[in-house]
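Let's start with one chain on its own, the form predicted on its own, as structure tokens.
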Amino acid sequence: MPVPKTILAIFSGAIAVAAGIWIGQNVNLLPIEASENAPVYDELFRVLFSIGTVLFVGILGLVVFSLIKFRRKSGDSEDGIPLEGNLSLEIFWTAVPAVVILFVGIYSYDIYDRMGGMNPLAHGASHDHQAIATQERVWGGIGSGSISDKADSTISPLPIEVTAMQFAFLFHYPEGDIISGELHVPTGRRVNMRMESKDVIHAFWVPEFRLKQDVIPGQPTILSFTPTKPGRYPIICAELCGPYHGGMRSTVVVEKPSEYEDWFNKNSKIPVLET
């Protein structure tokens, strides 16, 4: 007894969905996670990868089935059957992508909000004075002494000024008046970077942090992150910025807090205050 086409289609679709979900959740194509943002971003990537795999497996299976089922028979020289539009099929292949795109859009917005992308909008104009005060606290006072010399138990964000130019990144630490070609940051401490370009548009990209931010001339941009895993990770300019764009790279060195403090005190131009 032949299997009904509807049952066969449903069964084939279920296999494609199961295979896509399994591949999307178990095949890891991303580098290691080295910031607090990374797991949130990877969650979105796995969902998108699962959806893409389901579509790929389903479409590839349909193409292979069609090549076998509807291939020209030996000795058949007639034209194919003239077919016109199928309203039900057109509704189906319009509705399914629409639902998928709507889901991806809403889910991506949620991920973006969880990563802090909507924080500036959430405060509103009534909190502008608080934002200004926070900015002054984070970026003020170059002569603030050692990073461990804090008045309270709360660790404040680490301010770093980033200058991009053809074809290098420079990192300035206002707290110690340090200028470095490498970015040194401690684990577990939030880093606030104010970035500005001296010539053309560049991009600050660290794949292990899952972060990418354009650096624009005449328009400073802010990028915040919290590193979680010690190591050395590449900083890549991901915006075509000239003939040597491919060589515009640097390194972010993520260290344990004690190691970072040793590096900071060793390179600081401001004497460490004794407490």
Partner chain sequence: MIFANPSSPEKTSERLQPTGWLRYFSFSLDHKVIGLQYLICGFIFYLIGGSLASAIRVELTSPISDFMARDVYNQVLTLHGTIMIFLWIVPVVNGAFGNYLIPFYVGARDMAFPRLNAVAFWLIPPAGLMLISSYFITGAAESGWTAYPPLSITTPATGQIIWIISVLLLGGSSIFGGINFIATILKLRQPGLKLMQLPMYCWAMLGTSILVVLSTPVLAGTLILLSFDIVAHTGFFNPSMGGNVIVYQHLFWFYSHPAVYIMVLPAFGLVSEILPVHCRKPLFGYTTMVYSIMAIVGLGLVVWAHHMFTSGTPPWMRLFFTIATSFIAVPTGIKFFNWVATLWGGKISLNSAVLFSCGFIINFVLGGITGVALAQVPFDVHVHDTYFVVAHFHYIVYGGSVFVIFSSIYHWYPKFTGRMLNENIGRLHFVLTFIGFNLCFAPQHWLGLNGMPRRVAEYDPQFTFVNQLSSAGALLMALSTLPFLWNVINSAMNGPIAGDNPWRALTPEWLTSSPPPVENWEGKAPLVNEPYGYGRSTKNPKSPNDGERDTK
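Please read all numbers here as calculations on a predicted model, not as lab measurements. Positions refer to the first chain, counted from 1.
Although not depicted, the form predicted in complex with the partner chain is the subject of the following passage.
Of the residues given (Ile101, Ile179, Ile155, Ala168), Ile101 alone sits with a heavy atom within 4.5 Å of the partner chain in the model of the complex. Of the candidate stretches 168 to 176, 155 to 163, 69 to 77, 186 to 194, only 69 to 77 contains residues with a heavy atom within 4.5 Å of the partner chain in the model of the complex. Contact annotation for Glu36: none of its heavy atoms lies within 4.5 Å of the partner chain in the model of the complex.
Taking non-hydrogen atoms only, Lys229 never approaches the partner chain to within 4.5 angstroms in the model of the complex. By the criterion of a heavy atom within 4.5 Å, Gln213 is counted among the residues contacting the partner chain in the model of the complex. Using a 4.5 Å cut-off on any heavy atom, the residues of 189 to 208 that reach the partner chain in the model of the complex are, in sequence order, Asp199, Val200, Ile201, Trp205, Pro207.
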